[in-house]
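Presented as structure tokens, the chain that follows is alone, the form predicted alone.
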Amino acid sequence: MKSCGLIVEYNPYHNGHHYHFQQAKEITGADCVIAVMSGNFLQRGEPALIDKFSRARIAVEQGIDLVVELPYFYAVQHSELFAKGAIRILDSLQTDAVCFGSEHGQIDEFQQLYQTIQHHHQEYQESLKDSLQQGHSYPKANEIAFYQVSNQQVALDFTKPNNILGFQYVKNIYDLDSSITPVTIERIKNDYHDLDIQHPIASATSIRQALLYQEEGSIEEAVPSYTNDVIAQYKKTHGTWHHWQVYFPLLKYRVLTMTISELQAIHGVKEGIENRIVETAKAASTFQEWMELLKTKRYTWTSLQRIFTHILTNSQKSEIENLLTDHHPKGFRILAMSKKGKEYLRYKKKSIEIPWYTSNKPPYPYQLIDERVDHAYYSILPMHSQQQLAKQPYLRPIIKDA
């Protein structure tokens, strides 16, 4: 049974994601499509619009066969660690191929750049370190290092976020000496950062903007009808979608009642940024204003959002760094699956070497951190919603038998 892996967030699942799924299945000839999906907080340090189980349900309804959660300590990280976690899970699942969307759209240049860096590994690492010390962001430091080792302008545009992620997927496949075959398709019709819906294939950013600042019906052109129904029902049931502004009072309270030493212990906090966080918190009246006051050349919007996520979830350096030391996942959590997904797990049962878990109950190895993170995510909802949704992780996965 041939399988293809997708590394996703589905925030929310839209027509572009459906195109990606269909193309991946066709190009790789996969019988089973496996999605490794971020949980309730995402790679760019944002809360997901709707919770992970709602997003997993949409995914299997649209044809994905198996939805596996990317653990929090990999999901809310810069591109290299995000990719490392996802590729390790897909390798553990013995996935045959990984298909990712990129602005570049050709796999050859990703592979050639990897080979170039391997031949100039020390020079690349030194350049990366120097650029970071000079105050460049991680993506910019990577671009500078790539240019220096290749002695020419790199073919991949590293101002584009999916090219950056795509390279890290390829790099981690080869670093792991995995048998996974990397495949890429070109993103079409939109840019990752587009703020307006201009086509049925629109960016997730533009869809979230339309939801949060316009009418619910404004996204109908850009998402499957099932996505639209689930999103609308979530707000009707729980009173809100999840975005940073609704967490702002809680986050500000957290920061202003923590000591400097407590802030310094939070994952991602370094170089004195804790002092700027406290001072700007006192002046800010909205989340947007806080971010504008806080961001610098060294600290990008995304890196600051990740720090805020770790503050909100009380994720400390010692805990996260300890979890990241494992060379392979201790297990993976299944959020949803189709009949084909169940067949794949049965087919691979004897050869998959790490355990999989169908709930957050012990002995699931990441139970404690997941529980804490989920409580932080649900904290802005009415109490009856918090109590209802907190039960989900301890139930069986969403199963689509039809």
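Numbers follow the displayed sequence, beginning with 1. Worth saying up front: this structure is predicted, and the values here are computed from it rather than measured.
Here the subject shifts to the form predicted in complex with another copy of the chain, a form of this protein not shown in this document.
Which residue, 328, 282, 298, 270, has a heavy atom that falls within 4.5 Å of another copy of the chain in the predicted bound form? Among 328, 282, 298, 270, a heavy atom within 4.5 Å of another copy of the chain in the predicted bound form occurs only for 282.
Though another copy of the chain is not shown, can you say which of 183, 232, 324, 256 has a heavy atom within 4.5 Å of it in the predicted bound form? Of the candidates 183, 232, 324, 256, 256 is the one lying within 4.5 Å of another copy of the chain in the predicted bound form.
Spell it out for me: taking another copy of the chain in the predicted bound form, does every residue among 262, 379 and 383 have a heavy atom no farther than 4.5 Å from it? Yes, because 262, 379 and 383 each have a heavy atom that approaches another copy of the chain to within 4.5 Å in the predicted bound form.
Determine which one of 243-251, 166-174, 101-109, 115-123 lies within 4.5 Å of another copy of the chain in the predicted bound form, judging by heavy atom distances; exactly one does. That would be stretch 243-251.
Does at least one non-hydrogen atom of residue 314 fall within 4.5 angstroms of another copy of the chain in the predicted bound form? Because a heavy atom of residue 314 falls inside 4.5 Å of another copy of the chain in the predicted bound form, the answer is yes.
Classify residue 346 as contacting or not contacting another copy of the chain in the predicted bound form by the rule of any non-hydrogen atom within 4.5 angstroms, answering yes or no. Although another copy of the chain is absent here, residue 346 would stay clear of it in the predicted bound form, with no heavy atoms inside 4.5 Å.
Does residue 26 reach another copy of the chain in the predicted bound form if we count a contact as any heavy atom within 4.5 Å? Residue 26: no contact with another copy of the chain in the predicted bound form.
So in the predicted bound form, does residue 22 come within 4.5 Å of another copy of the chain, heavy atom to heavy atom? No, residue 22 is distant from the partner.
Across 360-377, which residues bring a heavy atom to within 4.5 Å of another copy of the chain in the predicted bound form? Residues within 4.5 Å: 371, 372, 375, 376.
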